[in-house]
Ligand SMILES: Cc1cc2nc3c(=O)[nH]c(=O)nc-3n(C[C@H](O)[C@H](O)[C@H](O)COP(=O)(O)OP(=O)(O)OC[C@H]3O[C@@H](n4cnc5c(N)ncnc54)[C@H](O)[C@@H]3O)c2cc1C
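What follows is a single chain, given as structure tokens, in the form predicted alone.
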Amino acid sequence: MEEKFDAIVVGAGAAGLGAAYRLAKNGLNIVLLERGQRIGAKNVYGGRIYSHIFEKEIPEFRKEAPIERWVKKERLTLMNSDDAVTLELFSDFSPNDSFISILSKFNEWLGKKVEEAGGLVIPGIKVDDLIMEDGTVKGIVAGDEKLYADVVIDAEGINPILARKAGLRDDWKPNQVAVGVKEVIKISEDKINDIFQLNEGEGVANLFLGYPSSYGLGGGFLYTNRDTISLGVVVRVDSAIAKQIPIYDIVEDFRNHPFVARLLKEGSPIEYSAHLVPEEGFNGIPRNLAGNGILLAGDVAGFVLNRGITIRGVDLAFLSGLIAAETVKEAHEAGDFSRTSLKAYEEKLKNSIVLSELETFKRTSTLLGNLRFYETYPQILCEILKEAYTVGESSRKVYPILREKMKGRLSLFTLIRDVISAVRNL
């Protein structure tokens, strides 16, 4: 194939789909290449997506998108091996809604929107290399085929093969990525509503600290789909290595915890998947996001924000794709696809919520690297509350229990310092 495109987009995740959709709407001749046999086949995600960017870009979003449930309950649960303490917020979050979706279905829908806008979408194509001429990207190599374009938008995801070949980023280090493992549990819609006390269309987003990640850096999650539950664990790779955590068993152990087992006792696992996730936030973003004839968008650029209480990736990735597309449109009009021209992408990102949000919470990754939040505090809190609520011949005051449980494990000064740090940075 010797056809030349205005732009080639590599990867049909949220970033690539956003880029392709906006480029096609702008009338450019583009092709979106995806290595999966269908759009969405390679996408693994916990389940919650924030809606505002999609609603702004796609007016018919709420009517058409494959939304499972709208989040109305936020839960944070701290666990030891036997017990759990849960903080719950119930609220109508409109107009800043988040929703639960099965990402493979959601991205498949976005792929159809790209085609409706006039974009060419080709699944089942693995991009092996970049075509480079005099330090400028001129296209891609896929098997024996070569495709040429004025610019390549690299949205290849967590594995930065093309980005490394373009010299835009190094490979990830173990402390920069986490491995996520997920099960999908089949339960009827009515039963989910009964278990979690939900009305039709309402959902729960539950994050867990402590036991689910074997007290390593990471946590568990539970999202209520329409008639399934997404249950999973994410553990930072360096922590998994240091603690010798058996990743292949970790979700089953989580599912069998007494707190979770009660919720899912009438369900049955129907799906298992695993995926790497960028974990370092602002500090994991490469210095250069644009090169001669190439831009980075989505996971390959590190656009994932983990605040501990919320995790954002899909909406930021989609927006980065839209911004990349606008940059390409301007470069197309100017006839200049050099780094000098394309670095306007980096300025646009700085003026958007993509980099502003990541920069606002840039210290959060350091805070979330504090092992006490996963190992010490969940266990101490469960132990304190269990004893405080236990009534026998005599009852104990909370403060003496606190001092007893902290002894040899945590100083009062460290506790105060950690609380202040969490309040400031989360």
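When you see a residue number, it is the position in the sequence shown, counting from 1. It should be emphasised that the depicted structure is a prediction, and the values quoted were computed from it without experimental measurement.
Heads up, the form predicted in complex with the ligand isn't pictured, but that's what we're talking about next.
The listed set Ile294, Leu222, Ile323, Val234 contains one residue whose heavy atoms approach the ligand in the model of the complex to within 4.5 Å, identified as Val234. In summary, among the residues Ile192, Ile185, Val304, Val251, the only one with a non-hydrogen atom within 4.5 Å of the ligand in the model of the complex is Val304. Proximity of Pro378 to the ligand in the model of the complex: non-hydrogen atoms within 4.5 Å are absent; the residue sits far from the partner. At a distance threshold of 4.5 angstroms between non-hydrogen atoms, Asn43 is in contact with the ligand in the model of the complex.
When contacts are judged by a 4.5 Å heavy atom cut-off, Lys126 counts as touching the ligand in the model of the complex. Although the partner is absent from this view, Met132 stays clear of the ligand in the model of the complex, with no non-hydrogen atom inside 4.5 angstroms. Residues placing heavy atoms within 4.5 Å of the ligand in the model of the complex fall in a single listed stretch, namely 274-282, out of 274-282, 328-336, 67-75, 243-251. Residues in 389-411 all lack a heavy atom within 4.5 Å of the ligand in the model of the complex.
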